[in-house]
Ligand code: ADP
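First, one chain by itself in structure tokens, the form predicted on its own.
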């Protein structure tokens, strides 16, 4: 029986930290669905279509990873996909309290889906999409250390259109 995991997020944009978690999840599960959250109340830098394309292109090297759009509750989406687990990244202890609450609520709603916490490589523990957007906003060349080249190029392009 194939085992599927769902890794949800906004991915605005996808970072090397996200990819690190996805790569390790792809080694643990037969399939990993990167669930690109569609949240109309959240203002994102990239459109839904741009985030989807950037994630797909950034993950093309993984044969058992696919990107899907997800609106609504992640645990319900995971159930619909037949997932055994939801993968969540923990960068620091400060992430744990919120993630634990979400994991317990998800388990209450759908008992057969477990939450798996993975920590990114230590070189990515301080990294998040907000920091990447801020670096890009100020034209920092260091963004290329933290995101795939295609994402860095898209950030440069996006920021040149914003100004």
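Numbering follows the first chain given and starts at 1. Because the structure is predicted, anything quoted here is derived from the model rather than measured.
Keep in mind the form predicted in complex with the ligand is missing from the figure; the text below concerns it.
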property: Contacting member of 46, 52, 124, 29, with respect to the ligand in the model of the complex [4.5 Å, heavy atom]; result: 124
property: Any non-hydrogen atom of residue 99 within 4.5 angstroms of the ligand in the model of the complex; result: yes
property: Residue contact check: residue 148 to the ligand in the model of the complex, 4.5 Å heavy atom; result: no
property: is_contact(residue 91, the ligand) in the model of the complex, heavy atom dist at most 4.5 Å; result: yes
property: Residue 25: touches the ligand in the model of the complex, heavy atom cutoff 4.5 angstroms; result: no
property: Which of 52-60, 65-73, 116-124, 134-142 sits within 4.5 Å of the ligand in the model of the complex, heavy atom basis; result: 116-124
